[in-house]
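Okay, here we've got a single chain as structure tokens, the form predicted on its own, with questions on binding and movement later.
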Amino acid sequence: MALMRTMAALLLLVIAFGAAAGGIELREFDDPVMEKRYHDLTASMRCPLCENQAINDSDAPISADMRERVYQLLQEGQSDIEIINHMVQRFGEYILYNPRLESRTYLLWGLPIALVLLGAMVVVLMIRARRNASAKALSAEERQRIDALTNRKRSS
């Protein structure tokens, strides 16, 4: 009876370990530079299925396929730019966390700069308007009114 319990416990451990190890991907790299390139590339690409999650952190099947493709392309000796171009061609610009500077993304890249410049212009114009308003001389009528008010307070 004790032998059966021990065997059942061992079987459960093997099944549990196998299920846990099933989600872990092991990649063999001969060169640490190649391994770093792999991690950098997979961290710079967004999973098309997940919301704002890199393919190196995602458990989605499409991310596993993308990681496998990046690994294959690295093993074939392709450069980082060639790999990124291949992945963009296959999955679209959405996978890039930092979109490329192209004619259709000028607004995306230029709008923040334009808004900062517009804000700076508004601040400069407000400062100039305040300076001009405070430096403006009083008219004769305004001066008489001020004198009348100050004389009334002194008399009281």
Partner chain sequence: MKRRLLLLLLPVCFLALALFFYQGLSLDPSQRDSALMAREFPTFEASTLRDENRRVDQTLLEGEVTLVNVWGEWCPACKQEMPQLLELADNGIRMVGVNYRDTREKGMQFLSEFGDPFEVNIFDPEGELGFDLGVYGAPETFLVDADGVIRYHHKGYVSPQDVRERILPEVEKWR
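Rigid core here is just the name for the largest C-alpha set that superposes within 1.5 Å across the two forms. If you're wondering where the values come from, they're calculated on a predicted model, not measured in any experiment. Numbering follows the first chain given and starts at 1.
There is also a form predicted in complex with its partner chain; it is not shown, and the following applies to it.
Not displayed here, its partner chain is approached by Q89 to within 4.5 Å at the level of heavy atoms in the model of the complex.
Contact annotation: D30 falls outside 4.5 Å of its partner chain in the model of the complex, judged by heavy atom distances. In the model of the complex, its partner chain lies farther than 4.5 Å from every heavy atom of W109.
Not displayed here, its partner chain is approached by P48 to within 4.5 Å at the level of heavy atoms in the model of the complex.
Checked against its partner chain in the model of the complex, the residues M34, A54, L96, I62 give one hit for a heavy atom within 4.5 Å, which is I62.
Taking the rigid core as fixed, one finds a CA shift for M126 of 2 Å or more between the shown form and the other one. For V33, the Cα coordinates differ by under 2 angstroms between the shown form and the other one after the core has been superposed.
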